[in-house]
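One protein chain, two forms: both are listed below as structure tokens, the first as structure 1 and the second as structure 2.
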Structure 1
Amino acid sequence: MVAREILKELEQSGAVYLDIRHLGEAFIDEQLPQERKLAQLYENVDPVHELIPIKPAAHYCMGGIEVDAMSQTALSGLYACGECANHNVHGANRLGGNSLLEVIVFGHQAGEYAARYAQEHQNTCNPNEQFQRDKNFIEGIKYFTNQIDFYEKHRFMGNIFYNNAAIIREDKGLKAVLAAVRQLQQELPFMGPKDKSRTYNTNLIEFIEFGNMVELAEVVLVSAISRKESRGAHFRSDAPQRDNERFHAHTVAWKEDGVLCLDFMKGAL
């Protein structure tokens, strides 16, 4: 709610500020030294004497990879914890302490069970169909052209997501972004890295990460379009109320034969 009000004020007046001047320099330097340095570095303002310009931004993922009670994913021997995993500790929004819960409690659990699994199983690799697809993709990158700058497309995707798929959403805007993302998926072979080497190649790694981002962007958008209600951090201006009859559940997405599938896990929220 606070984020939505800040956004509305930004649209109306162009600026929103945080004022901590009343705390005094001694307190700020002792309790908020990092915040003072960041404000000076990125906004060229000193919060001891000036207002800090602010705007809403995403800073944490809720949900993630489905895991069981032992932090194991659907892939035997692969464990997940922290911000990337869905341990069902979040509802439609996140409590501040949940990040520590995810990292410390489930991090310890995932490490313990992963170590136990490694001790009980031989170190063998049995490539499956997905492994072969991923291997072929990595090998195929050397044949990708770089007619399109994927760094530029990365910035473009960030902008359209912030404007149409972030704090306030509606069907038309979400579908427009989805169309753009699917276009990016088609253009990916023309966005290859300029550096095709396999040694210390950050350009290659960033391209692969961008490809993953484009794939996950589709999941986010299809999920947001399918959830025709407002709940927690998901706010639809064209459906501002909760719908407990249809959507009192987590959104679960997966792929079958390359096709994105989606369903709602009832009773999860």
Structure 2
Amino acid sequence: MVAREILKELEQSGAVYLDIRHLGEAFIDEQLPQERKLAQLYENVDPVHELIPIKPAAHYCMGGIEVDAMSQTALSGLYACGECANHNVHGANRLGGNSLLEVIVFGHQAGEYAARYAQEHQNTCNPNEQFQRDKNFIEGIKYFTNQIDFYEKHRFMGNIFYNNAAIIREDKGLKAVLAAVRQLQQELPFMGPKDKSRTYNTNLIEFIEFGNMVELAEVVLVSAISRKESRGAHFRSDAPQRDNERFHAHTVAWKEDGVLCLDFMKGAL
């Protein structure tokens, strides 16, 4: 709600500020020292005496890898916890502080079960289909043509997501971004890392991450398009109300033979 109003005001007047001057220097230094430091460093603003320019940004990703009550994923022996996992504890709007809580609770649990699994199983790293696919991808990368700069496409994707698939969403905009993302998926073989080194190749890592990003972006978009309602951080200007009848459920996405499948799981709540 606050983020939406900030965004609207930004669009209208071009600037929104946070005023914490009334808190006083002693309180700010005691309770918000990092915020003061960041404002001084990156905005040249001292919040004790000045207004802080602000803009909404993502600081958490709701949902994640599906896990069972023991933090195990669909792949036995593979555990997930923290922000990357979906423990069904946050719903559509994670409340402040609950992420660090989840990291501690489920981190402890996943660690314990993973250790136990490792003790009970001889070979904990079975080659599977996905592993082979990833291996082929890395092998294939040397044939990628590098005509398109993936860093430029990365920035482009950030922009279209921020403007159409972030704080305020609607069907048309989401579908346009989906078309762009599918285009990027097609273009991936025309991109690639320029750095061919086998030593600490961050260019290659960033390219792999970009590939993962365009794969996941499709899941986010298809989920957002299918959920024709507004709930928590998912706000659709073309469907601003909550629709419990149809969508009081988690969206679950998976791939079958490379094809994205989606369902609403009421039981998950």
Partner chain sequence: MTVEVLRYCPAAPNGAQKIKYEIEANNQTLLEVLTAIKTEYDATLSFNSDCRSGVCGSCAMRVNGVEVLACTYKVHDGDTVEPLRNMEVIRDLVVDSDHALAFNKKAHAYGSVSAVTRNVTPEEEKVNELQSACILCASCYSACPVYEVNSDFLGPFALTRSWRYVSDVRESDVSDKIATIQDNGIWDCTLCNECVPVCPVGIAPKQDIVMLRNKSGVMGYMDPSFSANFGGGFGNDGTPDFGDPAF
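For clarity, a rigid core is taken as the largest C-alpha set superposing within 1.5 Å between two forms. Structure 1's sequence is the ruler for residue numbers, which start at 1. These numbers come from a predicted model, not from an experiment.
- Note that the form predicted together with the partner chain is the one shown as structure 2, not structure 1.
- In a rigid-core overlay of the protein, residue 29 has its C-alpha displaced by at least 2 Å between structures 1 and 2.
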